[in-house]
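Next up: just one chain, as structure tokens, the form predicted alone.
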């Protein structure tokens, strides 16, 4: 499947085949692609909790207001942001470059994030959004289906995954095999309503 086809056919699946189980190799392959997603300054501030254990998926479904996708899907990926990634040994993010580049990035990170919790939060949400789309498109390429989800009780899910204090939960993506096709698209807005050339 090419990229265009994956974009056109990716849908948010609501009913998954609970008998389908991804292999550990498939999960690893998917996450190896996820960590190629872009992040500002290459700070790689996403953190992924991959869940395949049924008892944990059941708890996640409960935290997701009893929606069935997490318990019935094969894999749940909870996408979290590390709000302190900007200062966590940042030179390593550019370890393949000269020390001057590493120091430049370290100083730039400090200027942008040290005094701005809002910048740290915004960056984490952006990074997780990029990664979520990578996961969904890669899953489609692998012959799998997915469902991005934000409908959950944050504090409850945080307890289930033992979320560190300096992290936030952005969203989760359920991956597996669809038990039935997605409903017809609700209706796309026209390009002239959402695309503006050079300015609004």
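Positions refer to the first chain, counted from 1. Source: prediction; values computed, not measured.
Another form, the form predicted in complex with a small molecule, is not on view; read the next lines as being about it.
> Give a yes or no on whether each residue among 14, 67 and 148 has a heavy atom within 4.5 Å of the small molecule in the predicted complex.
Yes: 14, 67 and 148 each sit within 4.5 Å of the small molecule in the predicted complex.
> Pick the stretch from 137 to 145, 46 to 54, 26 to 34, 150 to 158 whose residues have a heavy atom within 4.5 Å of the small molecule in the predicted complex.
Checking each option against the 4.5 Å cut-off leaves 150 to 158.
> Can you tell me whether residue 10 touches the small molecule? I mean in the predicted complex, with a 4.5 angstroms heavy atom cut-off.
Heavy-atom contact with the small molecule at 4.5 Å: present for residue 10.
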